[in-house]
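This document opens with one chain alone, in structure tokens, the form predicted alone.
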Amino acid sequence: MHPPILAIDTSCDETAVAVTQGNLILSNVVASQVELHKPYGGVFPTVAKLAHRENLPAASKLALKRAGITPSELAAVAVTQGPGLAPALEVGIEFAKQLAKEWDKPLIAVNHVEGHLLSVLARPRPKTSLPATPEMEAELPFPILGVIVSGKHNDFVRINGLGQYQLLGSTIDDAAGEALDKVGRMLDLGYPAGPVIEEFAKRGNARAIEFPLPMTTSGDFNVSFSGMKTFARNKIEALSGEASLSSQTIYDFCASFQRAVIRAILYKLNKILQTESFGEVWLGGGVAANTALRSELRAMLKPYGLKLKVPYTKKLCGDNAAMIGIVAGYKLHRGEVANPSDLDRRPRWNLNELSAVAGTE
């Protein structure tokens, strides 16, 4: 049986603390900051930093209580080192260092994107007293294609083994989730707008507006949503004129823009699958909760005979600490612990740099 780990994630605007045991989630506490950032129409770093500092003590106590675990039973403390907002990461790292010192536990530094990649391996706490068997690395069908779609990341990753990643392509500007939020703000849908666009898209005609498909001649597996966003702004201005948009026009616009974002992702994914073979496809990140994206992905993968694996609950798609704990479990097994004195935030920590367990930005 794997020993429990307390994990912390403060990469952006969610204060998250979880207790995991192997691949099992014993507790997963997320203190949302959405209401705090709504007036700004996006995440305000200073506000996020102060909220993390205020929320972490209570969130960690609640995570331990829900898990039924005492600090003495923990094997380690894990924390997101990056990528993310530098001020937010700083708070989580300092708090994790304090706990590790107070409880005399090793400290494990985790890459936030790796957390999204391995979120599909998480399992719920069994209802019976019998422990579930964590998924072993030897049972996984490597190489695996990881697809991360979130507010800040759009990555295609070749997973050769746990901790062994090759970034095949990523966004060169906005990520899909960021583009959805920004276009949502153009339509006055509030913040965060991504979930609203998904809901409105169900009532609209996805072919009402034809958006350009970007990066089709780039010769690589990168994606871009900046041009699509500009097209959306110009189209909204043209449709608006001097009158406000009708409800149906907004529904059609949401459906069309969501379809365009998904098409851009699937286009590059299809290009990758035409050049390489994989045993499975894993989907993670906040936008991975989007039902339309999941449906389109499954349909696209069917001719390749590939299975799409997603987190067992949509709560694991957004930022959370449970996925950080899952990664930490494998890192602890490999003996990859950090030196607290060397552990510093890494706001732009690329997956290709994971050979460095800890370091400075």
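Numbers for residues come from their place in the sequence shown, where the first is 1. This one's a predicted model, so the numbers in the text were calculated from it and none came from an experiment.
Below: the form predicted in complex with a small molecule, not depicted.
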### Query
Among L180, A96, I108, A88, which has at least one heavy atom within 4.5 Å of the small molecule in the predicted bound form?
L180
### Summary
Contact with the small molecule in the predicted bound form, heavy atom within 4.5 Å, among G286, G184, G82, P214 goes to G286
#### Entry: the small molecule contact at G318 in the predicted bound form, heavy atom, 4.5 Å
yes
### Message
S119 versus the small molecule, in the predicted bound form: is there a non-hydrogen atom within 4.5 Å?
### Response
no
### Message
When the contact criterion is heavy atoms within 4.5 Å, does G169 count as touching the small molecule in the predicted bound form?
### Response
no
### Query
Using heavy atoms and a 4.5 Å limit, would one call S150 a contact residue for the small molecule in the predicted bound form?
yes
### Summary
Counting only non-hydrogen atoms, the one stretch of 265 to 273, 220 to 228, 247 to 255, 151 to 159 within 4.5 angstroms of the small molecule in the predicted bound form is 151 to 159
